[in-house]
Each structure stands twice: as C-alpha cells, then as structure tokens.
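Coming up is one lone chain in structure tokens, specifically the form predicted on its own.
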C-alpha cells in the first residue's frame, strides 16, 4: 500500500484527503504538513486519520512516503516538488504548476532524472460530460473546429484577496487568468493544443486589494486557421461558465448543448434538427467515469504509480497551461501579439517580468488564513 503525504492544509487539502480515503485499498495518508500545525491537526481529527502525523516541515518525512500531494501556494510548488522527486516520491501538485516556465521545466527534468511520476491537478478532465464532449470534438465526426469560445466566469468578493499571499504578482503569480481560468484553459489545450499566437488585454475592475488582474480577454490563432476566444473574469454574479466549439456540421457546448443549422438557398439559416439529434445521441451513448473530479484524478495517479493505467494528466499538460497563461500576460503587458513557444531567452520564461508587472491596485490588508476555508463555486 502506498504511503501518502499531503503538504499544505488549506482550502484544497480536503479534496485530496477525501480522494485518497476513497481508495484506501491503494493508499494510506501518513503525514499532513503545514507550518500552522493546528490546521494539520484539525484535518487529522476531522477525517479520523489515525495513522497520520502532523508536521511543520515535509523534509523529514520524504524518505518515509511513496507519494506526495502538494497543496501549497504556487510560489512554493517547485521546491517541494523537486525535493519530493529527488527523494524517490511520485508527486501530484495542485494547479497552477508553477509561476514560471523555468520552474515547470526544473520540475519536469527532476521527474525524468529520478524516474518518478509528476501529475498536475486538472480535475475537470475527470468529469464524464466534459471528457465526452472533448472526445466528440477531437473525433472530427462533425468537421473541423472553426471557432472556440471559452467563457471562464467566476465571482470572488473583495475579501478573497485579504490572504497575504494572494493578489501579489511575485507570490501568487497572477490573478483570474492563472488561478481560476486555468481549469478552462486546460480543457481548451486538451481539445485544441497550443495556438501559434495570442493577443490579450487585462485589467482589474473590482478587486482593490490586488495588484493583479480580475479580467482578461484574448484571441488565439491556430496553425490550421481556426481561432479561439478566451475570457476570464472574477466579477460575474451569475453568468455561466462555458466552452462552445463551433464546427463545420454542428456546435457542441460544455455544459452539454448541441446546436446545428443548415442554410436555405439564400444563405440564411434554418434549424438542423436531425444533426442536433445525432449529436445528442452520440453524447448520451458515451460511457461515464467511475470516479470524477479530484477523486478520479487521484485514482488514476495511484493506478499509474502501480503501473495499471497510463497517467492521464501529465506535467507537460501543466506546463502548457503556464505557457499559454504567460502568453496572455506578455501580450497584455506589451500590447502586442505573442507567438509560441516562449523561449528561454525571454524574460517571460522566468518570473523576472513580474517585478515590473503593472499594479492595478496595492495590497492594503493581509491575513494569514481564513477561519472559513469552504470552497464554493458560482458556476
């Protein structure tokens, strides 16, 4: 049975704990690590983790475990991931993978050198309806994907940025684009791959305790001539999150929707109900995953460690997200098109650019942690 350590006991840690507990025949949680030991002890008590030890530092326990879940703020990911890999542990790290491409590459190189698995959390890939739509689009059955619209809309109140590490370019790494829209960005990349270029705009509309953006808008261009539109927002009270793929024969949306039109002799549309029925039947006939979200990814991670499944969310997937997000920031800051890949000679390959990133507002309130760590969504 695999021994697991969880590093970081904040708001996302329960999702990891619950995932590992679901597969108790494969793994047991032996260590919870947080500089605030009270948070670790609280989770141990809440989940009745009788075999788990609370520690302030992960280093001593690395030789004692087989796998590590990293749930710390993004700026701390690289050091903890590399240390874990060097000590022979497999690693599951929360998104975003790291603040910079340079750190992503350092982590990937460590995984390769020590022959360990490194997976980045992209729990939306492990939702049946999403996976099935992506497979339908990628199949080509409905023609070329001409245009994709990603509406990554969220709501976060002003107090969200009261945490000391949030709202600072050099600590959190970025705002809505990096920390919320990364879920939808991963799905876009999973479906379409990397674009050839991007043009972006960003601003901060209503979060006055954050240096970073709470809104960005981008146009992506692909080698095959198709385009995608990506909007990221933290100010949407009720606007639904969605991805829409417009193909030659039909449109398919996440959450699932099917659209289809055909042209009258004068070019104006009429509904293509037969195609809508075909797309809907295709979607409904596809299988469901046995485990979803964090639980599904943790199951795959554990089975991949045991050699029973391929790893379905890789470090390269995590790196691709960071490269696209970095392109958004570079384009918005420099007010120009950015082409991919971003090379090692660029300031944007490292975190150097964040030193001079625009401060939309300055931080004026800082707290170490919220008493209420419940995570809710407005999607």
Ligand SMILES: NC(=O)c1ccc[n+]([C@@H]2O[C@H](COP(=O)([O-])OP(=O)(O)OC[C@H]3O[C@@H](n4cnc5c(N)ncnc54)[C@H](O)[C@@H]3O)[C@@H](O)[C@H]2O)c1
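Keep in mind that this is a model prediction, so the values were computed, not measured. Numbering follows the first chain given and starts at 1.
The same protein has a further form, the form predicted in complex with the named molecule, not shown here; the description that follows concerns it.
**Student:** In the model of the complex, does each residue in the set 10, 35 and 121 place a non-hydrogen atom within 4.5 angstroms of the named molecule?
**Tutor:** So, yes: the whole triplet contacts the named molecule.
**Student:** Just one stretch in 257-265, 105-113, 133-141, 73-81 has heavy atoms within 4.5 Å of the named molecule in the model of the complex, so which one is it?
**Tutor:** It is the stretch 73-81.
**Student:** Taking the named molecule as it sits in the model of the complex, is residue 183 near enough to touch it, meaning that at least one heavy atom pair lies within 4.5 angstroms?
**Tutor:** Residue 183: contacts the named molecule in the model of the complex.
**Student:** Answer for residue 354 alone: is it within 4.5 Å of the named molecule in the model of the complex, judged on heavy atom distances?
**Tutor:** No, no contact at 4.5 Å.
**Student:** Does the named molecule come within 4.5 Å of any heavy atom of residue 212 in the model of the complex?
**Tutor:** No, residue 212 stays farther than 4.5 Å from the named molecule in the model of the complex.
**Student:** My question is simply whether residue 39 lines the interface with the named molecule in the model of the complex - judged by any non-hydrogen atom within 4.5 Å.
**Tutor:** Residue 39 belongs to the contact set for the named molecule.
**Student:** Scan 250, 163, 187, 305 and let me know which has any heavy atom within 4.5 Å of the named molecule in the model of the complex.
**Tutor:** It is 163.
**Student:** So which of 192, 168, 125, 294 gets a non-hydrogen atom within 4.5 Å of the named molecule in the model of the complex?
**Tutor:** Result of the distance check: 294.
**Student:** Hey, which residues along 299-333 are within 4.5 angstroms of the named molecule in the model of the complex, non-hydrogen atoms only?
**Tutor:** If the 4.5 Å heavy-atom criterion is applied to the named molecule in the model of the complex, 299-333 yields nothing.
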